[in-house]
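As structure tokens, one chain now follows by itself in the form predicted alone.
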């Protein structure tokens, strides 16, 4: 049987980085083998961000953790990894292969020119330089611990190894090979697996949005999901689609929505069109319009109202105005006549309009499609992995990293950074075992 000091299962972001870190941290004689079920490494990197590859996010490690990982236990788990191998470390590594990057105003970092393949090719070259043995079209079927060694079986061959790094990813984008193999392997080795669910996925509603709204975007709105007496929300852009909702706010909230559906079977969506105003503050603005512009039709005002103005700045804002296509639906949900003016608005009608502006109904969620998520939540329980080394607390010399673990970050490059960071830690500490 072919034997390796370190055998890495999975050639995505975490697996490739683990291989590079292991080589950098070990003696030249240490044998490092990477098994990849596809015909090449970096398959998911090549399609990430619509083929543009949102590599990471700007900011210091504390800022990355605060912005990108909203669940405290996950941020705590990732803290050491992101401090040890940060976004600046990643970019410096890529620069050794001539990959320049572009920082966007929203903090997202892309390869200059927006081609994900540039990043994948850089890692291919780094792996060649590191003399990592790569075996492609090799899907691992079984990993067993026998004495001091691991026995790893594929469809064609059996390997032995002193240490194994599992970096197979989650279950999103199954066409790239992430079909949950690593989760099954980890479970058979004794790990607890939290059932995978969608994250950074679109939201499909039971009743599709009106056709007139398909393609309409709400800028800087607050998307609210409510079910079982609990509500969660995200602030960001929201896009109406022919099946439901997409855009940053929907993608970011999808993990919570999937959990609400699993817990109580029901989840309703609402949009707060004025998230920076309390109900009382917004009502004061509506009363001001009544006093100053009583003859103006309410629908005309809505067509030019800034959707997320700062308090007291009721002029056109950078975030834009309420989309014209949405105004008839606001009027309908508020039970207002099309030509009603501010002076003709009764108190109860104003209250109805106020309620709709702060809680515009978007419908009930039918599904959060798991396979359409950019990532998946769930995976190996974090308490069973040492965050300082990524070594299993259940099986000695087994290391786990990347999306296989039970964390999920926000949209914006945070998840790729976490994969690179946890992969680096796993590789470094696997090498120390040699």
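Numbering follows the first chain given and starts at 1. Keep in mind that what you see is a predicted model, and the values were worked out from it rather than measured.
In what follows, reference is made to the form predicted in complex with a small molecule, a form of this protein that is not presented.
Between the options 140, 90, 326, 298, the residue in contact with the small molecule in the predicted complex by a heavy atom within 4.5 angstroms is 140. Checked against the small molecule in the predicted complex, the residues 387, 49, 369, 61 give one hit for a heavy atom within 4.5 Å, which is 49. Remark: none of the three candidate residues (32, 127 and 427) comes within 4.5 Å of the small molecule in the predicted complex, counting heavy atoms only. The small molecule in the predicted complex is approached by residue 167, whose closest heavy atom lies within 4.5 angstroms of it.
When contacts are judged by a 4.5 Å heavy atom cut-off, residue 197 does not count as touching the small molecule in the predicted complex. Although the partner is absent from this view, residue 415 contacts the small molecule in the predicted complex, with a non-hydrogen atom inside 4.5 angstroms. Residue 377 falls outside the set of residues with a heavy atom inside 4.5 Å of the small molecule in the predicted complex. Just one listed stretch, out of 168 to 176, 218 to 226, 348 to 356, 99 to 107, contacts the small molecule in the predicted complex at the 4.5 Å heavy atom level, and that stretch is 168 to 176.
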